[in-house]
Structures are given as C-alpha cells and as structure tokens.
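Starting off, we have a lone chain in the form predicted on its own, written out as structure tokens.
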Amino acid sequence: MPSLEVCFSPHLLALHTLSHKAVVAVDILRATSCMVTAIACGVEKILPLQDTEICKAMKAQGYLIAAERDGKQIEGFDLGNSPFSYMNLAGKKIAFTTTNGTQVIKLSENAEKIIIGAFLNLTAVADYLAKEQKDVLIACAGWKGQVNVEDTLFAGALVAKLVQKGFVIANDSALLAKSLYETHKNHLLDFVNLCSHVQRLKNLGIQKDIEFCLQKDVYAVVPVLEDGEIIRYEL
C-alpha cells in the first residue's frame, strides 16, 4: 500500500525523503489556487521561481510576469496573487514568484513527481494519485516557515480521500491534518477566518479570494511540474 505523509512547513522538508515520492505542493491562500485556476482556464504553462529579478527578466522571453510578496502584487509585474486574475489568460505563459508557494515547489524538486494541489482540484488530485500508486508527501507552504491552518486543512482533506483509496498514513502530521479537517470540514470558512494568515490578507480586502479558494472541486485538472514548468496533466 502506498504511504501518506504531510510536511507542515518547507523548513521541515529536509527531514523527508523526496526521491520516489509524489509531492503535492499546496499554498491555498493563494499561490497554488492561482496555478490550478490558470491551468484549468487554458494557460499553457507556469514557470515557478524563487527570485523576483529572474521572474521579471522572463518578460523578454514572452512570459507574463507575476509576483507577490506579503500578499501584495509587486509593482512592475503584470499579475499578483488573486485567482480571479488568471481566468482569462488562455494560451499564455506565466513566470510566477510568491512569498511561500513557489518556494515550496522549488524545494521539492528532488521528488519523482510534483503535483499542484488546492481545494479547487481536490478530487482530481486524489484520483491522479490513486492511479499513480506512489508514496505521497503533501508539502504545505505555510507562512514564512511557520505552519498555517488553510494548508493543513487541505492536507487533511487529501489524506482523508486517499485513505479511502487504500493509502496508509505514515506520519503523525498526516494523522493530525486529517483530524483537523474532519473536525472542521463542515465549516471551513468560519474556521479559516480565524487564522493568522487570513487576518493579514483581510487587510488587503480579498475576502472574495479567500471564499473562492476554499471551494472544493471547481476544476477537474491536475497541474504537474515537468522540466521545471507547470503544465496540465490530461486525466
């Protein structure tokens, strides 16, 4: 039976063996929710980057450039970190850097596979992983190295689905995430509204984004990292 692990913070990834695993990178608010939305809406590919200057330089190579730090779009970039900005960009290429989400993707590059997960494509990701039958590590982006609620809830939701498909929980973080999700699954928005990251984001007036990012199964799409860029896997 394939195993299930959860890593609550990128700072803990070094404690996990990534080779031969499928890593699900998650940053619910809002990087991976944006990526899932973009790919579902026809974006050709997304280049995740850690450095803002490298990202900016991709403009010359025909990419739209997207950059967020501390929840805000960086001046001089085409896009920020709202999923609603990625719904009408079919056929475009995007270079993307964020505070947390693109960082956890880059730190997971030793994995056999990297999948982009969000509540928006929860069931599609679970179905993909069940088909692949590889050991899974759900890598939460957190907030600047700290654990956050929304990514942990997603991890728990995915663990719950995969346990039903025969996967075996292999670390306490997965058990904790599943328990947290099952406790709060019927009132996700109320619970997430209490968390520290949402309190930070509320000051930016993006409650609509938060509500959108907590919706389940809006898209039946699985974005995967291939040759350093995120593309659509055809189920």
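For every residue, the number given is its place in the sequence shown, counted from 1. Worth saying up front: this structure is predicted, and the values here are computed from it rather than measured.
Omitted here: the form predicted together with (2R)-3-sulfolactic acid (3SL). The next part is about that form.
Interface residue among Ala66, Leu29, Ala38, Ala174 relative to (2R)-3-sulfolactic acid (3SL) in the predicted complex, by the heavy atom within 4.5 Å criterion: Leu29. Listed stretches are 95-103, 155-163, 122-130, 109-117; the contact stretch with (2R)-3-sulfolactic acid (3SL) in the predicted complex is 95-103, by a heavy atom cutoff of 4.5 Å.
In the predicted complex, no heavy atom of Lys178 sits within 4.5 Å of (2R)-3-sulfolactic acid (3SL). In the predicted complex, (2R)-3-sulfolactic acid (3SL) stays beyond 4.5 Å of every heavy atom belonging to Val192. Using a 4.5 Å cutoff between non-hydrogen atoms, Leu188 does not count as a contact of (2R)-3-sulfolactic acid (3SL) in the predicted complex.
Although the partner is absent from this view, Leu201 contacts (2R)-3-sulfolactic acid (3SL) in the predicted complex, with a non-hydrogen atom inside 4.5 angstroms.
Taking a 4.5 Å heavy atom cutoff to (2R)-3-sulfolactic acid (3SL) in the predicted complex, the one contacting residue in 78-97 is Asn81.
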